[in-house]
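Next up is one chain by itself, shown in structure tokens, the form predicted on its own.
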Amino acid sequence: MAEQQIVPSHQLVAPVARQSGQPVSRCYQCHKCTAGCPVTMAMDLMPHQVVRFVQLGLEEELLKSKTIWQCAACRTCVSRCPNGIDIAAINDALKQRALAKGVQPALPEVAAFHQAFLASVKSKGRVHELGMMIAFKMKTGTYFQDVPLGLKMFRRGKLRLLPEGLKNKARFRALWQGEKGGQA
């Protein structure tokens, strides 16, 4: 069986670098990000491979990977990277590309949580946990799975029925439009 030859393409570097704000081209594959990542056991691509795949233009493989959805965004990678590359930011850019291109997420539950989180922030200016979890449960169809935990949190005052207000909604909207292009 012949090995598939990879033909490098740099067409993915510029848009991912622009959207993530990360100097993707500076990575020289020292693997320090992967060595420190606490979530590698659940990933199908290691953090250093994500950057390398971006450099090689392997968009399809990246957008279909579990890794972009599995990343805990703990930022251990950026603290270890000699070039300060934040792979969580790259993964966020790749998630947005996957959603924009209609690519089925490798981890649909994580994608549903991601979308519910962003929708909550967009509409309220901050996360309203109860509303976000209701939206997440509606998307995943797991309506009653966490009811005992939710009731316990509510009794302890950890979940608010109504969202907190935002002092300067106009400023938040302007920031959201500038940062996200108005997309959730």
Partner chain sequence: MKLSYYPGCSLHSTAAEFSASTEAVFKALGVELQELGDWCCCGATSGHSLNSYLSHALPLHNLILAEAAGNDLLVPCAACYNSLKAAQTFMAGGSQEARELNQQAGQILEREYRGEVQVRHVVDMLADDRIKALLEERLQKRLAGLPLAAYYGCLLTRPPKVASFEANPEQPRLMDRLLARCGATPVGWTHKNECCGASLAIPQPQLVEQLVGKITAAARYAGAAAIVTACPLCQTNLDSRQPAGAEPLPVFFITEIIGLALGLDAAPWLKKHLVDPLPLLRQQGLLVAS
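Residue numbers count along the first chain shown, from 1. Since the structure is predicted, the reported quantities are computational estimates derived from the model, not experimental observations.
As for the form predicted in complex with its partner chain, it is not shown, yet the points below apply to it.
Taking the partner from elsewhere, residue 138 is found to have every heavy atom lying beyond 4.5 Å of its partner chain in the predicted complex. In the predicted complex, its partner chain lies within 4.5 Å of some heavy atom of residue 149. At the 4.5 Å threshold, heavy atoms of residue 14 stay clear of its partner chain in the predicted complex, well away from it. For the chain shown alone, residue 30 is not a contact residue for its partner chain in the predicted complex, no non-hydrogen atom being within 4.5 angstroms. Residues 19, 38, 39, 41, 42 are the members of 13-47 with a non-hydrogen atom no more than 4.5 angstroms from its partner chain in the predicted complex.
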